[in-house]
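Okay, here we've got a single chain as structure tokens, the form predicted on its own, with questions on binding and movement later.
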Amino acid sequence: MTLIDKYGRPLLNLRIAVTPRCNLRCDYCHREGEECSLNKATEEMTVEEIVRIARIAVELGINRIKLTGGEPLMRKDLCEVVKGIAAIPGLKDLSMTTNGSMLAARAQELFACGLRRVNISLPTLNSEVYRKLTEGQIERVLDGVKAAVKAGFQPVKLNMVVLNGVNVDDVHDMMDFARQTGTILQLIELDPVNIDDAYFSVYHNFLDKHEEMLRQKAVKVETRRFMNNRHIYYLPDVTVEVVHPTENGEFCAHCTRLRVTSDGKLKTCLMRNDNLVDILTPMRRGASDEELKELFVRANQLREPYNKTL
């Protein structure tokens, strides 16, 4: 079975925030749309709770799961989470998004546990710009990228949020780096989530010019139907994806995602926190699998495009 919302969109992807904690402070981070503070002490879901939620989701037709945060690698038991989810029958894809700064030491272990893809946040190759944006050290991230490629993750994607006046001119250097490392570059427009309006107005940069450049150089262009209709540009020696986010009606019209917040709530839309469905509390009170499935069904019924073009 596959859950379909009232706009005809299938529910195929689940993003699970396994922790709200992070070791970096990226200016542009949307924190998966969660309202909780990164500095607030919150009880994290256990390995067993995360795996059970994932199993329920897969039994309902969701076949792609991405682990997010915060920074997932802040959890010492992350490999146990990965093992548990990877063993679920019917799961087609298990991936993780990370800032990469702690990945070098754990890439091989995570691959052995069943993780198969990683998205690594890398807004620039300039160490000083990186430090100002994230308060981190770029060398650790570059080591993480290389370790992920060596471990066998396929593909390794580099998430580059393009910021006006900061890294717009770095796109070609990032394409070269992706070419050299055998990774895929993902250009992402800034999301107006968990950042103030002033920051968004200054740093938001439309990717139309970059996309036109890619279109002219590409030998093939693919549209990912079940990933918000985003475009993939296959150049002769590098692949680049372009993500126009939530202010784009096309993005919302083809959304196939549901999120699980770090405190165990089903979140229907990155942009909304007014229709969360608590799944963790009923689980801890002894809810059956069928009762938990009904909560997924309810959340799916609440899904709707934030920008409606349907």
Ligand code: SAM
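Start at 1 and count along the sequence shown; that's the residue number. Everything numeric in this text was worked out from a predicted model, so none of it was measured.
FYI, the form predicted together with ligand SAM isn't displayed, but the following is about it.
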| property | result |
| --- | --- |
| Contacting member of T181, N159, T239, N205, with respect to ligand SAM in the predicted bound form [4.5 Å, heavy atom] | N159 |
| Contacting member of M271, I56, M283, C29, with respect to ligand SAM in the predicted bound form [4.5 Å, heavy atom] | C29 |
| Answer range among 170 to 178, 69 to 77, 205 to 213, 110 to 118 for contact with ligand SAM, defined in the predicted bound form as heavy atoms within 4.5 Å | 69 to 77 |
| 4.5 Å heavy atom contact, L185 and ligand SAM in the predicted bound form | no |
| 4.5 Å heavy atom contact, T124 and ligand SAM in the predicted bound form | no |
| Residue contact check: I85 to ligand SAM in the predicted bound form, 4.5 Å heavy atom | no |
| S95: touches ligand SAM in the predicted bound form, heavy atom cutoff 4.5 angstroms | no |
